[in-house]
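Just the one chain here, the form predicted on its own, laid out as structure tokens.
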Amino acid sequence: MPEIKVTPLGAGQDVGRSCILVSIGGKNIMLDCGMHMGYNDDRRFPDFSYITQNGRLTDFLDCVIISHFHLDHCGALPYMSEMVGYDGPIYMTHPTKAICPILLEDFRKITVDKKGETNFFTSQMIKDCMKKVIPLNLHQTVQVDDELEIKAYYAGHVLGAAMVHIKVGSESVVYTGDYNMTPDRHLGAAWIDKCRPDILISESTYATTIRDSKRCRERDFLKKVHESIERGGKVLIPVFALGRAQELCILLETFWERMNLKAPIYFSTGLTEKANHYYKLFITWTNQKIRKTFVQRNMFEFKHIKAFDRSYADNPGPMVVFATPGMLHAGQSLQIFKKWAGNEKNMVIMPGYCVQGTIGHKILNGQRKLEMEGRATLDVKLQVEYMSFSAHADAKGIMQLIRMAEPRNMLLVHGEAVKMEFLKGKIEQEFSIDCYMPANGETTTVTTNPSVPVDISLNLLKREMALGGPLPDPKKPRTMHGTLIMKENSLKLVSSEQALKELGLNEHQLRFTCHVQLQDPHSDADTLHRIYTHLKSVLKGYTIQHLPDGTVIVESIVIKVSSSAEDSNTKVLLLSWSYQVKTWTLFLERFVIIYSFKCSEQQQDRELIDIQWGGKKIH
């Protein structure tokens, strides 16, 4: 039986460093190629030695697909393609292709130029890597080669995020990347066809969470920001450059306008302009409201939100600052946090998930003394708030996607093991499908039962419906009889008459014969007549004829009687029939009738009659 193998090189029972290796129909596909934000050594990149110990990855991979521009999904791409070695096609959507190199370069500057790390990709490597990228359009089927095809679907989450349907022959896999089943202020909800893949590989960041209403969360967020500003405090909101940042900026902009607040709101320098540019460029990827109002007013041009300069962090008085990155693991957000951490009037609001090992994760878990670089200790006195504006699907959203796609098997990645285990049980219980959650380096093998698509002729379908059978239903298969024709690599089921006509063949009839012995002292003609009379009385719905040549015909079945050469009282019944739909049933009915006729008419010992059929005896 054919099988699909899935091996996480990253994000197996872990969040971060997404990199999933899929082997399907003889093809090897890498899904995402991210880095782990919680590590500063070789562990931040996926372990590519699993694919090959030596040699370039091009020889082993048919293609690489990137779901979106977040670094935990694309951050290791230049390292993989330029330093390890991969020259094959890399697929991602147009917005991801535009934004990905900017975030990669920003991270490279922090890692290499500021921290002085080595064994990292260069600016030129990022450019060379992006030359290998082939952009995808939504709902466009792309033929990677003669057998492998991929199709992208809208995933919400961030601008340009896509789920991807991978198909080789009749086998298929859907990879979600990160997705959101709830529309927000600037993006729509994820959507996919009822494509019934063999495996649905889904993120499970919030596997055990069912979020409260978005309106309640927004109200609480605005209340906390307002209270902090009123008492003269400063509010730091660590965000990633695009996505959640725009969501919260729109929210605060509207609130500031309505409340006529004067405290300044700042956004990391340069990123606001870049964000605006890309949201204008890819306006079709935003939600309906933004697309409708875009001509009159660009929602991403803010009146109250200004560009931030690092000197502003020391300004007296209240302020709100959006700074990158979102997990406080480096960059401007970490620098501002260090300055403001000692004042209890100040507040940091973490609006999304933080990977283990980052400063964000530590303070959310209540750590109040932090060991910083150079063994310096930082006392955290400011208020720490967590308010999930995460653009990931929660448990309810994951279940919703399963109902939408109707997969045969489920595989969870990009989540914590304990939470995954809980969700796995729920999925298996509710949908009665197998659910897997492999760890990094562990391979899950799923045996597939590929279906072969067959076209059916309208005439044959009408004939079946005329017989009074139920209409075809994918959940309730039914048997249909016809002739299967293979033409130009496709299969078609047609009536036998249509098949003969299309193929220009003559019809030949195949008949089956069977001998039944019974004891009867009467003459051959008399025995045949008694059989004929009895069949007429029992089988009223059938056409039964007694022909002058000493033959009885019931539908397609011919019955003849002759005496045995050894004993004239032993009659041999010859039954002959053509191969038709109900022949075997009819034949068995005849046997029962003949047997009952024998027993009732002659009142002899009730012996079993043996019928030879294909070497087996039927009693």
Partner chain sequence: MAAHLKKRVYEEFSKVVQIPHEETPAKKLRLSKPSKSAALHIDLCKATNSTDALQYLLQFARKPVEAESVEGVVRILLEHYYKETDNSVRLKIASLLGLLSKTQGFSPDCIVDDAINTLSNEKSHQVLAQLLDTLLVIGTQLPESPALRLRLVEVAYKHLSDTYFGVRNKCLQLLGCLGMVDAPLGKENEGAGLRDVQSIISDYFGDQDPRVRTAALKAMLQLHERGMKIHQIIYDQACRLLTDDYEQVRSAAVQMVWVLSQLYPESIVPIPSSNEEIRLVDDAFGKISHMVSDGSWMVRVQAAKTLGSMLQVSPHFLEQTLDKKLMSDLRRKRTAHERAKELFASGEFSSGRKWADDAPKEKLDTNTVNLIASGACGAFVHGLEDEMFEVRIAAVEALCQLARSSPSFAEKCLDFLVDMFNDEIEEVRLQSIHVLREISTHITLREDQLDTVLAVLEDSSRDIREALHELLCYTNVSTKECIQLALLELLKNLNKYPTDRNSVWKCLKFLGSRHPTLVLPLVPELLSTHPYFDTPEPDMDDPAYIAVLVLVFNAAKSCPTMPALFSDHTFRHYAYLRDSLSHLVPPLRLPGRKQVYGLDSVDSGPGSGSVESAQLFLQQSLNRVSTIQNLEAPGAQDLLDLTIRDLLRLGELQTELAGAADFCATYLRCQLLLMKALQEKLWNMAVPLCLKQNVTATAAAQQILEETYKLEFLYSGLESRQVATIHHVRLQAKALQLVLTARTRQGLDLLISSCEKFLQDVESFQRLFLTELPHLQDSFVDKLLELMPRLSSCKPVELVKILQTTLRQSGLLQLRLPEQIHRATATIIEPTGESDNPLRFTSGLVVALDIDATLEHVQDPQNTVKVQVLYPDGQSHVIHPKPGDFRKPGPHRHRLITQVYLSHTAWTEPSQIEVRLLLAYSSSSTSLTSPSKLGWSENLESLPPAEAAVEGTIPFSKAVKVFIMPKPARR
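Note that the rigid core is defined as the largest set of C-alphas that superpose within 1.5 Å between two forms. Numbering follows the first chain given and starts at 1. Just so you know, these numbers come straight off a predicted model, no measurement behind them.
What comes next is about the form predicted together with its partner chain, which does not appear here.
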Checklist entry - How about Tyr386: is it within 4.5 Å of its partner chain in the predicted complex, going by heavy atoms? => result yes
Next on the checklist: Although the partner isn't part of this model, could you tell me whether Ser213 comes within 4.5 Å of its partner chain in the predicted complex, counting any heavy atom of the residue?
Outcome noted: yes
Checklist entry - Is Gly188 one of the residues lying within 4.5 Å of its partner chain in the predicted complex, judged by heavy atom distances? => result yes
Checklist entry - If you check in the predicted complex, is Gly85 within 4.5 Å of its partner chain, heavy atoms only? => result no
Checklist entry - Every residue in Ala263, Lys369 and Arg375 with a non-hydrogen atom within 4.5 Å of its partner chain in the predicted complex? => result no
Checklist outcome for this item: Per contact check vs its partner chain in the predicted complex (non-hydrogen atom within 4.5 angstroms), the hit among 117 to 125, 227 to 235, 74 to 82, 318 to 326 is 227 to 235
Item to check | Listed residue (Ala313, Ala341, Leu334, Met399) with a non-hydrogen atom within 4.5 angstroms of its partner chain in the predicted complex | outcome: Met399
Checklist outcome for this item: Of His522, Lys345, Lys289, Lys109, the only residue with a heavy atom within 4.5 Å of its partner chain in the predicted complex is Lys289
Next on the checklist: Given a 4.5 Å distance limit between heavy atoms, list every residue of 160 to 198 close to its partner chain in the predicted complex, or none if there are none.
Outcome noted: Thr182, Pro183, Asp184, Arg185, Gly188, Ala189, Trp191, Lys194, Arg196
Next on the checklist: Once the core is superposed between the shown form and the other one, does Ile283 show a C-alpha displacement of at least 2 Å?
Outcome noted: no
Next on the checklist: How about Asn346 - superposed on the rigid core, does its CA move between the shown form and the other one by 2 Å or more?
Outcome noted: yes
Checklist entry - Quick one: once the rigid core is lined up, does Gly366 have its C-alpha move by 2 Å or more between the shown form and the other one? => result yes
Checklist entry - Taking the shown form as reference, are the C-alpha positions of Glu257 and Phe282 brought closer or pushed farther apart in the predicted complex, with a change of 3 Å or more? => result closer
Next on the checklist: Distance change of 3 Å or more between the C-alpha atoms of Ile283 and Thr254 in the predicted complex: closer or farther compared with this structure?
Outcome noted: closer
